[in-house]
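The chain that follows stands alone, in the form predicted on its own, written as structure tokens.
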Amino acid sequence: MNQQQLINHLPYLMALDNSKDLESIGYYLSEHLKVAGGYWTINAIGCLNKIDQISEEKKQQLSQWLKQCQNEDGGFGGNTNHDSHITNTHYAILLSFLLGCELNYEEAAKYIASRQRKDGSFEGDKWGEVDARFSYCGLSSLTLLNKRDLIDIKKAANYIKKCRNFDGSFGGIPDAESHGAYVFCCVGTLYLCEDLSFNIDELAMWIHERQTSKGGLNGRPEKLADVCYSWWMYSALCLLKREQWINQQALENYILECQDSDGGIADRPNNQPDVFHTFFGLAALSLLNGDKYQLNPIDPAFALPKSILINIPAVNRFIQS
């Protein structure tokens, strides 16, 4: 749609709770994403400064459900009765701060720390897959919980530097193709490791080259733009203090173009909206021009509202002004 103003996305987000079709194939295909979906939805509502629109009863229901997603090993699954994974454990911790509920953080921290390997990398679960996403989940979670002493920070940073490529960007593992989503994960990890000792301008130029003629960012060369990269890469530019290296107004306009007239944001203009792109679109707008749209700014390192982070002493030194 040709849209240059932020429409009201709250009804769309609040309506996501109304689906009762538990027999649909869509429900089963997304069953493992419930904790992540809760984070995207509640965080988007928080970005709109509308958390108070969620009733205390609903918050209590969500909090009780979230606690039931924690397993005996201390980690969280993507839903009840799902195996633990570091990404879902990270989402659960983020969601708990949004809901204002207490989880068994001690056991969750132990689970996350147990996922670090001798070379500093992190595996996602007991099956051993290694990926830079998991490094970010580990560093973010343990920083929020003030449990950084449980892992080797220096080794974590050194592993991520091995994921850097000849083009200046980052892949998911060493020698893997550079990708926009891994820019966020790797820069976020190194930022939280307090070690940004790499060629920042080279990476900023790679991100600059990801901006398409339509204003949006793509994740790799020759790919279409996608709203989610507005967050993954613009947040990294914010952490690196290189925001001006792209056309910010063009990116802002692209996100607005991806809005649906009935609410929600899609990956591209005229596509079906979903909660994933709605959150990341709003989060990017909060960094680009949050005051204009009366958005609660989302922190580029933790992907949580700054209004929540300022009450967590362990993260104060990482919050950008």
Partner chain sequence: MMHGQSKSKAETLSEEEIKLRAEKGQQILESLDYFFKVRKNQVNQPEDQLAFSELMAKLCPEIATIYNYRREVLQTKFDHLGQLLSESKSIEAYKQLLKLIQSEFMLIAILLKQHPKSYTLWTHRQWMVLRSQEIDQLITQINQDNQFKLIEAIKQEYELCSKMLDRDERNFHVWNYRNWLSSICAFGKEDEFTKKKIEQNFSNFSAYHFRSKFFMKNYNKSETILERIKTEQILGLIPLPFSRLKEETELIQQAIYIQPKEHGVYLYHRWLVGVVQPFGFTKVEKVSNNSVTVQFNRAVSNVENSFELFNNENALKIMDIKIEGTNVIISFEDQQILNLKIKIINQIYQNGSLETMVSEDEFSKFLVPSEINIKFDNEGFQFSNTIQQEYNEAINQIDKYLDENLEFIKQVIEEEKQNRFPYIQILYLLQFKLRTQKLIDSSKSKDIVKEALQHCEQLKKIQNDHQAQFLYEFWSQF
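Bear in mind the structure is a predicted one, so any value in this text is a computation, not a measurement. Positions refer to the first chain, counted from 1.
Keep in mind that the form predicted in complex with the partner chain is missing from the display, and what follows is about it.
S.K.: Can you check 188 to 196, 99 to 107, 138 to 146, 161 to 169 and let me know which stretch has heavy atoms within 4.5 Å of the partner chain in the predicted complex?
M.R.: Flagged stretch: 161 to 169.
S.K.: Taking 4.5 Å between heavy atoms as the contact cutoff, choose which of 268, 50, 67, 58 touches the partner chain in the predicted complex.
M.R.: For this set of options, the contacting one is 268.
S.K.: Can you tell me whether residue 228 touches the partner chain? I mean in the predicted complex, with a 4.5 angstroms heavy atom cut-off.
M.R.: Yes, contact at 4.5 Å.
S.K.: Contact with the partner chain in the predicted complex for residue 126, defined as at least one heavy atom pair within 4.5 Å: yes or no?
M.R.: Yes, residue 126 sits close enough to the partner chain in the predicted complex that at least one of its heavy atoms falls within 4.5 Å.
S.K.: Please tell me whether any heavy atom belonging to residue 210 falls inside 4.5 Å of a heavy atom of the partner chain, as the geometry stands in the predicted complex.
M.R.: Taking the distances in the predicted complex, the answer for residue 210 is yes, it comes within 4.5 Å of the partner chain.
S.K.: Please tell me whether any heavy atom belonging to residue 82 falls inside 4.5 Å of a heavy atom of the partner chain, as the geometry stands in the predicted complex.
M.R.: Close contact exists here: in the predicted complex, residue 82 approaches the partner chain to within 4.5 Å, heavy atoms only.
S.K.: For the three residues 173, 260 and 272, verify that every one has a non-hydrogen atom within 4.5 Å of the partner chain in the predicted complex; reply yes or no.
M.R.: Looking in the predicted complex, the three residues 173, 260 and 272 all sit within 4.5 Å of the partner chain (heavy atoms).
S.K.: Within 233 to 264, which residues come within 4.5 Å of the partner chain in the predicted complex, counting heavy atoms only?
M.R.: Read in sequence order, the residues that approach the partner chain (within 4.5 Å, in the predicted complex) are 244, 245, 246, 247, 260, 262.
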